[in-house]
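One chain is shown next in structure tokens, namely the form predicted on its own.
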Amino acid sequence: MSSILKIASWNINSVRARIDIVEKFLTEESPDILCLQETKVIDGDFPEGVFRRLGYNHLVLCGQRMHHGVAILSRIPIREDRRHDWQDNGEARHVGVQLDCGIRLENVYVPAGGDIPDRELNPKFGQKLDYIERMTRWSEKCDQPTLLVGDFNVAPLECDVWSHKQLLNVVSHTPIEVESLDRLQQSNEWVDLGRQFHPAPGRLYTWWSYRAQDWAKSDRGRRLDHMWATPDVAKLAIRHDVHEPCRGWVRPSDHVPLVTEFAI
């Protein structure tokens, strides 16, 4: 008899500033594991108490003061804490663990890449492309059942943004970024669980800018957050949801959580 494994991923944009909505989400959705990106806190200041009170007693933290930061919080045992420096500068942008069911879980926060989509004019854009390239080299050698989750900061499909035409030259949807992400996906036949359960060209966004006066009315969203699985893990997936209402909660992140359920 199989059991259900429920895994969530969320760019929280400061876990301390938004701990109330994290607690609300965990109470309502009760995932077994929560992967956070952009925690913006050093490990010693991470608000562990809230998570432990809710039963998340297995914590793997990879923090950084004021910037970046990733974390995996779990109700079930996790082990083999592993970190890759795909940014090649020590930034806290990845943490990975092993689950007892045999699945590797990799939590990643890809750099945003600045505002100008030109490597020469904007070094941050080059760093983003190099980051994805290093992930691709890793992916080519990845031979375990693996779930790769997080904020990839790329909306790959035309239907992953509110206007393909208007965003073609906007960082996160430029052809060079899309091509880089596609090479990563093809390097290990990763299955995009979002589009497996919500096929293109259906609307599917995970991020809305804070700049919009009414994010829901304007609905200028992008699908920047993803859950990819190796084919053996993808076969176990039975449900994938994007929790869009979280964008309307008090003091929200500009991203919303993704949740996938697996029959293990």
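Please read all numbers here as calculations on a predicted model, not as lab measurements. Numbers for residues come from their place in the sequence shown, where the first is 1.
A second form of this protein, the form predicted in complex with the DNA, is not displayed here; the remarks below concern that form.
Peer 1: So which of Arg53, Lys217, Arg211, Arg203 reaches within 4.5 angstroms of the DNA in the model of the complex, heavy atom to heavy atom?
Peer 2: Of the listed residues, the single hit is Arg211.
Peer 1: Heavy atoms within 4.5 Å of the DNA in the model of the complex: which of the stretches 138-146, 168-176, 105-113, 185-193 has them?
Peer 2: It is 105-113 that comes within 4.5 Å of the partner.
Peer 1: Decide if the three candidate residues Asn13, Arg18 and Arg65 all line the DNA in the model of the complex, where lining means a heavy atom within 4.5 Å.
Peer 2: Every residue of the candidate spot has a heavy atom within 4.5 Å of the DNA in the model of the complex.
Peer 1: Do His84 and the DNA come within 4.5 Å of each other in the model of the complex, heavy atoms counted?
Peer 2: Taking the distances in the model of the complex, the answer for His84 is no, it never comes within 4.5 Å of the DNA.
Peer 1: Can you tell me whether Lys40 touches the DNA? I mean in the model of the complex, with a 4.5 angstroms heavy atom cut-off.
Peer 2: Yes, Lys40 is a contact residue.
Peer 1: Is Arg134 close enough to the DNA in the model of the complex to count, meaning some heavy atom within 4.5 Å?
Peer 2: Arg134: no contact with the DNA in the model of the complex.
Peer 1: Taking 4.5 angstroms as the cut-off for heavy atoms, does Arg75 touch the DNA in the model of the complex?
Peer 2: No, Arg75 stays farther than 4.5 Å from the DNA in the model of the complex.
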